[in-house]
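Take a look at this single chain in structure tokens; it is the form predicted on its own.
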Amino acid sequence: MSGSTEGDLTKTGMSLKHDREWDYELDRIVEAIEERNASKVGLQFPEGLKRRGPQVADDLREVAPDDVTFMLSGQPCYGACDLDTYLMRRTDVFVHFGHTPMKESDSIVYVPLFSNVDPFPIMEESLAELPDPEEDPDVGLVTTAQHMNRFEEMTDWLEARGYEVHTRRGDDRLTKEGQVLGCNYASADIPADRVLYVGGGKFHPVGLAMEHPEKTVVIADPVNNAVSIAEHDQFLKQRYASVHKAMDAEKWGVIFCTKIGQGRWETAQEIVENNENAYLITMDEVTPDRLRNFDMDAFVNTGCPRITTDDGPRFHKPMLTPGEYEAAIGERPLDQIEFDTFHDTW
């Protein structure tokens, strides 16, 4: 594979103390600090990048005014829906790394961490999994925030090879054309049977395949230099098994997540109001250990749907999505359950 997986930061004009794999846009952060005459700056990183937090703080200290204090958020963070509101209220500048905004805010600096890896060699390999454009030219294209800076180039690249590329911006939860989130794949609602996902890992494309089982999702992973097809059958089997286990449940715990971008109050309230054996449980981080002491037969998670689909087997009692709950209590046929997604902002 040609191209470097290291972020090219030579054009930032800054002398960095530590090596970087991504462009943290330090110059833009310093500009915000100076504009707001900030003395306290909060830095929030997603889980996989928290270990880089001290290094970024080191480099910011080198170029920011001496009286600025940098604070690292230790709260779990899995997306732009997961802002550390406590730290945000106590800082003059709050920087959220790794995601694009779900809702624009003058008080937050979003640094999406664009990747400088070259996506085109692995896209070339992925053509073997796409139809011949002379027989079926329609293909969808989606990616994540880290590769949005190359999205237009990727579209042009496919079109130059004879494909009719279908893209769209999903809804208000999505910032860019063709962008997908772990909880929202509205950008894949396009007239194409095959969708090319360009990005690292299988978290996003497997979710896309679960929501759109009628489509073939081809993964072109430039980070791991691999091409594959997103498989979702095992996930569906797990979901059906959880629903079956919950069909005899009498006491239900209904989880309302207090994270700023994950609360579905009306959904949680409706379930509790219509089931006298349902109890509302509020929490910020939904984990097996936190629920173990509740004497419930099953749970309904109205927060992040990926907690249910990805971590469901780890919970000691069945953990269902709102749609799966309807199937468990007989209000919806089991074969009509769908992948749970978010389509609102806070």
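These figures come from a predicted structure and were not determined experimentally. Quick note: we count residues from 1 along the sequence shown, nothing fancier.
Separately, the form predicted together with a further copy of the same chain exists; it is not shown, and the next lines address it.
- The partner is absent here, but in the model of the complex a heavy atom of Leu87, alone among Leu130, Leu174, Ile122, Leu87, sits within 4.5 Å of a further copy of the same chain.
- Listed residues Met296, Leu60, Ala38, Cys304 were compared with a further copy of the same chain in the model of the complex; Met296 is the one with a heavy atom within 4.5 Å.
- Contact annotation for Met247: none of its heavy atoms lies within 4.5 Å of a further copy of the same chain in the model of the complex.
- The shortest heavy atom separation between Gln238 and a further copy of the same chain in the model of the complex exceeds 4.5 Å.
- None of the heavy atoms of Leu26 is located within 4.5 Å of a further copy of the same chain in the model of the complex.
- a further copy of the same chain in the model of the complex is not approached by Pro191, whose heavy atoms all lie more than 4.5 angstroms from it.
- With a further copy of the same chain omitted here, the record of contacts in the model of the complex names 78-86 of 151-159, 78-86, 208-216, 103-111, defined by a heavy atom within 4.5 Å.
- With contact defined as any non-hydrogen atom lying within 4.5 angstroms of a further copy of the same chain in the model of the complex, the stretch 91-111 contains no contacting residue.
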